[in-house]
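Starting off, we have a lone chain in the form predicted on its own, written out as C-alpha cells.
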Amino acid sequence: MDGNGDGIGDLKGMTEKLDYLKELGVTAVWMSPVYASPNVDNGFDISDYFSIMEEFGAMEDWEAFRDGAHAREIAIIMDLVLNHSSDQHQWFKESKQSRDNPFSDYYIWRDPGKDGGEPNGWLSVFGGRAWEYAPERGQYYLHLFAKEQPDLNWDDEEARERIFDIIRFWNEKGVDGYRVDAISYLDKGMDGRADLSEPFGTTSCANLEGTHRYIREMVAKTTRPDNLMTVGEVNIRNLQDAKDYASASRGEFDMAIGFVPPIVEIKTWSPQRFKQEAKEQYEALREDGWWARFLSNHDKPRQVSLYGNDNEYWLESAKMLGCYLHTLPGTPFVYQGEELGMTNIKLPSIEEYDDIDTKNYYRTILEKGASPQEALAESQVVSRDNARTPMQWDDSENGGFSTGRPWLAVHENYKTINAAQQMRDKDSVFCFYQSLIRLRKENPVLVHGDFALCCPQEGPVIAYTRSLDGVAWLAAHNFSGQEQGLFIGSIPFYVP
C-alpha cells in the first residue's frame, strides 16, 4: 500500500493496513527487504543494513509499523540478505580499492585465470558469468547473482562478526524472527570441494558443510539467545538437505523454504509430485523438525494461475489451493493477494517489466533464436513480476493501491478481484481463508495431528487425514477440472 502517493508501496501504507491483516487472522508478517538499496533486485541488493530505503520511509516509519503490529499481536519477520550485499555498500567500495585495506577480505576476490579471464566458468543466476573484473585490484570478484550483488566472504571471521552485528541490531529493534535469503551458498568450496562440472555457481557449491557450520554459528550467536524464529530459503535437493537445515537437533533453522526456479516449477509440478513430496517431507521432519508451507511467494507465478484454473474455475481453484495449504502439517505462509485469488499478469512489452530476472530471461530466449513475440510470451509465464503487481485493495483507480502512477502495472482485473469486494462477500476467497485460519487456531489436529495420505499415487486427487487424540479430519483436493471418485477404505467419496 502506498501511503504518500508516489506510486511505491511503503511503511506508512503498510501500517494503514494492519487492521486488514488482523481481520484476516495472520499472526506474523514476513517483510521483504526494506533496507537501503539501489533496487537492482527489488531490495535484495542492500547498501546499508542499518537504514530504511528512502522510497519506503524512515526508521521512524518502520518503528511505527512494528508498534502497530505488536499492538495487534502480529509478529514481525524481517528478510535478511546475507550471502551478498550491494556493490554500493561501503564495505565493497572499500574492498575493491586495494588488496591490503581493512575490508579487503570481506568479499571473494581471485586473480585472473591462466588465460587472463575468469577464475572459473561459473555462471550467474541472473545471466552471464559469475565473475566481474575490478581494475582497481586487478582481480575478479564473485557474484552468484547480479554483478551489482557481490558475494560476502563468510570464511573471513571479521566479516562474519560484522554480519552478526547486523542481526543483533535488528534484534534490539524488536523483530520476532528472520527469513534468511539464498543462504545455501556461504561456503563456496573453491578449494576443490565444489563440483565445477556444474555450470551455475549456486548449483556447484550448494549445501557444503562450511555453509551449515556458518549457519549454526550465526544462530547460536544471534537468534537463539533471544528465542527468535528463523526460516531459511535453501537449496533442497533431497531429504537429507531438508533434515540438515530444519531438524532441531542440527541447531540451524526452525523451518526451511526450498527454492525452486520458476521455470523448473512450471515444467515439473504435478499432483503426483506434490503427494510424494508431502509424504517424504513429513516423514523426514516429523521427529524433531517443522515445515514451512507455501504455494506462492515473490519469486513464483501466482498460484491460482500456476496450479489451478484462473478462468472457468478461478473461485474453486483459489479456495481449493488455500485448503490444501492450510490442512498440511507445518506453518502456512500466505503471500499478499493469494487470499484474494490474484492472478498472473501479461504485460504487453518487455519494457514494462521491472524484474531483472525476467529481462535476462527474455534476452536469453532471443539469443536462442526466438522471435520477440515468442520471447515475450515465455517471459510472461515465468516472470517474478506476476507475483509483484500491486495489491488490489478496491475497485477505484489503480486498485486503491496508490493515488499516483504505480511502480508496476496493476492487473486489469482489479475491478472484480479486490479486497473490499471480497470482505463483503461471505462466499469469497478472502472469507474462505479467514475460515481456514480460524480452523487452525481452534483445532489442534490441524497443527499437531499426524499426516497420512489416503489416495492413489497417480491421479489428480490429493487426499489425506490429520489425526490427533482420537480426532481425525479428512482433506481432499481435486487438481483437475472434472469430478473425481475416491475410496477411503470401502467408502466412496466424490470430489467436485
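For every residue, the number given is its place in the sequence shown, counted from 1. The shown structure was predicted, so the numbers you read here are calculated from the model rather than taken from an experiment.
There is another form of this protein, the form predicted together with 1-deoxynojirimycin (NOJ), and it is not shown here; the text below is about that form.
- 1-deoxynojirimycin (NOJ) is not drawn, but in the predicted complex it has a heavy atom within 4.5 Å of F44.
- Among heavy atoms of W122, none comes within 4.5 Å of 1-deoxynojirimycin (NOJ) in the predicted complex.
- Looking at D299, you'd find a heavy atom of it within 4.5 angstroms of 1-deoxynojirimycin (NOJ) in the predicted complex.
- Although the partner is absent from this view, N386 stays clear of 1-deoxynojirimycin (NOJ) in the predicted complex, with no non-hydrogen atom inside 4.5 angstroms.
- The candidate spot formed by K96, W109 and A159 lies out of contact with 1-deoxynojirimycin (NOJ) in the predicted complex, as no residue has a heavy atom within 4.5 Å of it.
- For 1-deoxynojirimycin (NOJ) in the predicted complex, the listed stretch (174-182, 309-317, 100-108, 278-286) containing residues with heavy atoms inside 4.5 Å is 174-182.
- The contact with 1-deoxynojirimycin (NOJ) in the predicted complex, taken as any heavy atom within 4.5 Å, belongs to Q149 out of S402, Q149, S204, Q303.
- This chain appears without its partner; in the predicted complex, the one residue of F145, F253, W131, W154 with a heavy atom within 4.5 Å of 1-deoxynojirimycin (NOJ) is F145.
- Interface residues of 207-236, taken as those with a heavy atom within 4.5 Å of 1-deoxynojirimycin (NOJ) in the predicted complex (partner not displayed), are limited to E233.
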